[in-house]
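Heads up, the chain below is alone and in the form predicted alone; it's given as structure tokens.
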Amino acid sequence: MNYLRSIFWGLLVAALCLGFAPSAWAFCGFYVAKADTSLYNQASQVIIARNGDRTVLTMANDYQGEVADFAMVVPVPTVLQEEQVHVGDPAIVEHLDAFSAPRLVEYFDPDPCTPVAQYAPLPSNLALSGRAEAEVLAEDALGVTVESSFTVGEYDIVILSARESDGLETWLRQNDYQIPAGASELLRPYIRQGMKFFVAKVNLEEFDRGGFQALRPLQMAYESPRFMLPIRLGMINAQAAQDLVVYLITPDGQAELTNYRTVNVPSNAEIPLFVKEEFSDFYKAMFQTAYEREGRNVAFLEYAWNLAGCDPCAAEPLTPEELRQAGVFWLTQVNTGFRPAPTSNALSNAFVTRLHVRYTRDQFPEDLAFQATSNQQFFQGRYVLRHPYTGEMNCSAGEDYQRSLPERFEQEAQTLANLTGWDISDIRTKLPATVANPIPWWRRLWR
């Protein structure tokens, strides 16, 4: 079966992946040890690097069908020229995903008989080609104009303008795009806004010559006063809930949604040790539970941090060169196009906000609108495993410590059940049964 992928534009840009044959709708996803985007079967990733009115947007292609069947229709705010379009490196998206992913961290209790610093939660600020004349005439009759066409990497690009959504839908169908029912209705608002349409197909000759194993991300650079991410086109094919992870990189602080509520994903929870082997299942269940409790029309903040560092790190921070490849143009002295000359600007000038949105066709009636802020508060989805001390404990504090463990294990179980909706009885069967190395009774007698 061919899979269709929907990738979304920010700042008046939205992407709709269309294939030549009807097929299942799918996205990319999230994983263990860190909850990256491989956990989910249906998810898409977008990087939006924005400073002022300038934006570089990266759409991570997750298409898994035949490359000959791939096509993407993207509403864009203006006619893009060839030098504004670039083919990116998928490793950059993967690195940013891993760096910002919710993470599992482990701590080990110290010997309670030794006066050392005890475990403490994170500080509160972490709360942590040429065309025939007949084709041109047919396009005019439909109100569709080909504004420009070019090839970038393995993609053939055509920029269209349209007067009517019905005409655009007809043009797409006549050019062998089997688009789903209802496309005309969702295309209409973008046409009324005067947007253009970016259409990308795979150039098979270039794809084969390059020896690529998968389609690479497409990047676009443009200017617009509006900072938004249209998602309505991506709902056309949606048969089930879709997961969208947006990495917003801005110079001064967090980026925020202005037209939907944003809540922090549950974080800084101490959970039972067995979750280390079940972190994937845990995070998916936890996110679904939070999604249902919050009323669904919300975005979840999973990470907000200055790219100069992290604590703890789920992956190494991105290098200045990787940030440039992710579209962070303000850290460099730009020369032309996508090849700026490096400077010594501090990475503290790049703040990443990771938002996770789950939506269906009957939710999120408006496109996502953002604003950049100077809020430098750090946050990360962070889940804590505390290993009990198992060495010999020859003191009264050790006795007290051992007596406290069953209550602690029960509290961790209750926390896990509340976060995930898992059955508390099942959780209890996986808790530690006993504590090693109890204090011998005679030592209490003669110490």
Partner chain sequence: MLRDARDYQIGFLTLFLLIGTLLRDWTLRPEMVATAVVTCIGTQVLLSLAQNKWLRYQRPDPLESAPESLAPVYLNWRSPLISALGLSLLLRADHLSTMALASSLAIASKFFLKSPDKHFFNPANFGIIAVLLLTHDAWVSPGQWGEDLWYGLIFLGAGGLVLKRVGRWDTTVAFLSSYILLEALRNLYLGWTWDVLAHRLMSGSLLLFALFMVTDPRSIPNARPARLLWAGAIALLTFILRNYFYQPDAVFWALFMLSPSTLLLDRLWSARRFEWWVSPQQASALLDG
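Nothing here was measured: the structure is a model prediction, and the numbers come from that model. Numbering follows the first chain given and starts at 1.
Although not depicted, the form predicted in complex with its partner chain is the subject of the following passage.
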query: 4.5 Å heavy atom contact, Glu205 to its partner chain in the predicted bound form; finding: no
query: Pro189 within 4.5 Å of its partner chain in the predicted bound form, heavy atoms; finding: yes
query: Glu154: touches its partner chain in the predicted bound form, heavy atom cutoff 4.5 angstroms; finding: no
query: In the predicted bound form, Ser348 touching its partner chain (heavy atom, 4.5 Å); finding: no
query: Contact residue in the predicted bound form, chosen from Thr319, Gln193, Gln81, Thr114 - any heavy atom within 4.5 Å of its partner chain; finding: Gln193
query: Heavy atom within 4.5 Å of its partner chain in the predicted bound form - the one residue of Ser280, Gln174, Gln363, Ser161 that qualifies; finding: Gln363
query: Options 376-384, 413-421, 66-74, 398-406; stretch whose heavy atom lies within 4.5 Å of its partner chain in the predicted bound form; finding: 376-384
query: Residues within stretch 301-315 having a non-hydrogen atom within 4.5 Å of its partner chain in the predicted bound form; finding: none
